[in-house]
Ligand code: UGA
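Given as structure tokens, the chain that follows is alone and in the form predicted on its own.
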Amino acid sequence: MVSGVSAFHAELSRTKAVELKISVIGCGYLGAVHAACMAELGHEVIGVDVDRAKIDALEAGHAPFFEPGLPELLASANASGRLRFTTDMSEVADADVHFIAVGTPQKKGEYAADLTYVDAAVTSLLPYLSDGSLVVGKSTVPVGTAARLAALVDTAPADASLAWNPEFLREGFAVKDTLGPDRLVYGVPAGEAGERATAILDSVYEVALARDTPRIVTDFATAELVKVSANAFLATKISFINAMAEIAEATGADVTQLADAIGHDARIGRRFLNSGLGFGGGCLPKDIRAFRARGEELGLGKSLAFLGEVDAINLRRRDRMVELTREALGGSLDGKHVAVLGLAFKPDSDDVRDSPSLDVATRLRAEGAIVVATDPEAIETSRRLHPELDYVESAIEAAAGADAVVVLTEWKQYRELTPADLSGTNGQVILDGRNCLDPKLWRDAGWVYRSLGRP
């Protein structure tokens, strides 16, 4: 099990947790992790999803995606009898708390969030609510959604209510972030209903609160804005340093040293100032676009217009990575063997949704390169989307006979590579898309080293 979870077991045994019956509607990335962690906290949990194959896998203790620590947690929770999964919504009828954890993807052809799954989940749940039960939204939604759904919950036959409890999970650390959150945010209605919702959520998160986890109790709109504004800020910080990388490349400056220098300013901080290929995944890109779209709907498009440039800077890094590879190979990619190391949008994940790494790999191939790609976890998820790429299991296999090696995801095993490890290449050219390698090490070994934002 992941580091820290064993210690958590010991702590849990010392903390008298209130046992609740909990349902989790939607068993994708967020829902599966949340369900397993709620069972780990001592609650009785049932996860619901319309995807039969996903439910069968979870029932068997198999995570349908890669997340460190989740398989062990599923096995523990299933063995305890506190966790089960179903496709039948009627089985949640006796639950005290119902978490809504379905996806909110970007609408096709638009920037706005698609709330089809959230609306369907709440509507399907209404007949099975009981007096005093609490519906809790965890999905990332545009501000104003919770108030609308609260009115919908009010139409249920039972006297139930709604709260909003945004998630702040980092892929690769989702189990840790759920069991030991850095803060808890409750968006609750005013008056007695809000007090009751707060008390119920305090019971859900009793163990975390016993560790003095900060708790912010606020209104629906603020709780919704906390998540999207946090993502907007992180995306802005990443794109800021990547904009500085563009300036650094033009002037001969070193963006990594620049980041170190300004990162010592306590008002700025060093985290998320790592220049490179940019952000991707299932959250930041679609969330900042949906936030912009909601701003337009509210007549406040100018307030969030800067997010358009944040998005544009991020996408330009992919263009620049292809350009840099082309430059390093003499001006043309046609017929060149390029080894791509990394396909997931970040390490410790198999998620290739809006992955800059996979996008660059396909662009290289589109320009005529023979792309041989690898990733510790994301080969199968990549293959389903882009079967035209050639996939191998290791960096050494990918690099064999390559004219250039391109590092696109900063997995630990790629950061620790040495020139001797890749001695089977045809040309000693390495392109560092994440500024995660030591330039001196590679240049001293006779390699051509190029990266984003460094001389």
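Heads up: residue numbers just count along the shown sequence, starting at 1. Quantities reported herein were computed from a predicted structural model and do not represent experimental measurements.
This next part talks about the form predicted in complex with this ligand, which is not shown.
Enquirer: Can you pick the one in Thr198, Thr236, Ser124, Asn274 that has a heavy atom within 4.5 Å of this ligand in the model of the complex?
Expert: Residue within 4.5 Å of the partner: Asn274.
Enquirer: Taking 4.5 Å between heavy atoms as the contact cutoff, choose which of Ala221, Leu169, Leu152, Leu324 touches this ligand in the model of the complex.
Expert: That would be Leu169.
Enquirer: Using 4.5 Å between non-hydrogen atoms, is Gly280 touching this ligand in the model of the complex?
Expert: Taking the distances in the model of the complex, the answer for Gly280 is yes, it comes within 4.5 Å of this ligand.
Enquirer: Wondering, does Lys227 line up within 4.5 Å of this ligand in the model of the complex on heavy atoms?
Expert: Yes.
Enquirer: Would Ala156 sit within 4.5 Å of this ligand in the model of the complex, counting heavy atoms only?
Expert: No, Ala156 stays farther than 4.5 Å from this ligand in the model of the complex.
Enquirer: Against this ligand in the model of the complex, would Phe345 count as a contact residue? Criterion: heavy atoms within 4.5 Å.
Expert: Phe345: yes, in contact with this ligand in the model of the complex.
Enquirer: Using heavy atoms and a 4.5 Å cut-off, decide whether Ser23, Asp96 and Arg215 all contact this ligand in the model of the complex.
Expert: Contact check failed for every one of Ser23, Asp96 and Arg215.
Enquirer: Would you mind picking out the stretch of 142 to 150, 170 to 178, 243 to 251, 207 to 215 that comes within 4.5 angstroms of this ligand in the model of the complex, counting non-hydrogen atoms?
Expert: Stretch 170 to 178 is the one.
Enquirer: Going by heavy atoms, what in 39 to 65 lies within 4.5 angstroms of this ligand in the model of the complex?
Expert: Read in sequence order, no residue approaches this ligand (within 4.5 Å, in the model of the complex).
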